[in-house]
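Okay, so here's just one chain, in structure tokens, the form predicted alone.
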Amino acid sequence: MNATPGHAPVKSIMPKWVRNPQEFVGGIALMAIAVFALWASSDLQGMRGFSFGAGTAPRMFGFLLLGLGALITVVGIFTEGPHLAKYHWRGPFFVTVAILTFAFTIRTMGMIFAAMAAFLIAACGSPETRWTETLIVAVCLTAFCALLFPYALGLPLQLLPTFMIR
């Protein structure tokens, strides 16, 4: 129930025995991620005596995350807390699109275009974006990346699109 005057009680899809829905759902989500990590690392080699295998750390962190998720879920059952908050999908959606855009354009369009496009797409994730400042930061970061990766770090990255090089 919401104790704030003038507000109607919040309808919840959670069972009555869940007193802190945010903690409960967060713990379930952490346990789901842990189960996925354990499944994904199941075919990696584990410990052999005292030597670590490739799957030792992922399994160790997976079990740790599973335990923490279970603890958080139990806290959600036994303590009072807030109801589920409304989740805004705009930010994560545009950041995901920006990452995918960068991944698909880095080889064909080059570092300059891919970095600038990814930065500008990610900036669409907030309704408070000020485009003048965003363009200035995008140009500065793109120039920094164009100097850092191929020249300072010596990575063989193509800066310009392939149709401009040939």
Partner chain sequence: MGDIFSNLGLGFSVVFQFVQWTPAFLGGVSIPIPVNILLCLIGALVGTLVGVLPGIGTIATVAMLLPITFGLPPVGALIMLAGIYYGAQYGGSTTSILVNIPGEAGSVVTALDGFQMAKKGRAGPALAIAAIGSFFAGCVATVLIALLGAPLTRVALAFGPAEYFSLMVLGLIFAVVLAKGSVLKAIAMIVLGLLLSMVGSDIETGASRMAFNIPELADGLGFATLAMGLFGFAEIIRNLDAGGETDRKLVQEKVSGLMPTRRDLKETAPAILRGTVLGSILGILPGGGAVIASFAAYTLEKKVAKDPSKFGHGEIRGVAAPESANNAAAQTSFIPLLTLGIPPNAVMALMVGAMTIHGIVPGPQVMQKQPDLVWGMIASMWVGNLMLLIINLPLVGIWVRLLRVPYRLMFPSIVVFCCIGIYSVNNAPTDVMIAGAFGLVGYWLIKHDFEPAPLLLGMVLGPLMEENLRRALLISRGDWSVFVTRPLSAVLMAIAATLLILAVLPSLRKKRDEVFVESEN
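Numbering follows the first chain given and starts at 1. Computed from a predicted structure; not experimentally measured.
One more form of this protein should be noted, the form predicted together with the partner chain, which is absent from this view; the next part is about it.
- Contact between Ala54 and the partner chain in the predicted bound form is found at the 4.5 Å heavy atom cutoff.
- The partner chain is not drawn, but in the predicted bound form it has a heavy atom within 4.5 Å of Ala115.
- Contact annotation for Val139: none of its heavy atoms lies within 4.5 Å of the partner chain in the predicted bound form.
- Put simply, Met109 is far from the partner chain in the predicted bound form: not one heavy atom of it is within 4.5 Å.
- Within 4.5 angstroms of the partner chain in the predicted bound form, the stretch 113-140 places a non-hydrogen atom from each of Ala115, Ala118, Phe119, Ala122, Ala123, Gly125, Ser126, Glu128, Thr129, Arg130, Glu133, Thr134, Val137, taken in sequence order.
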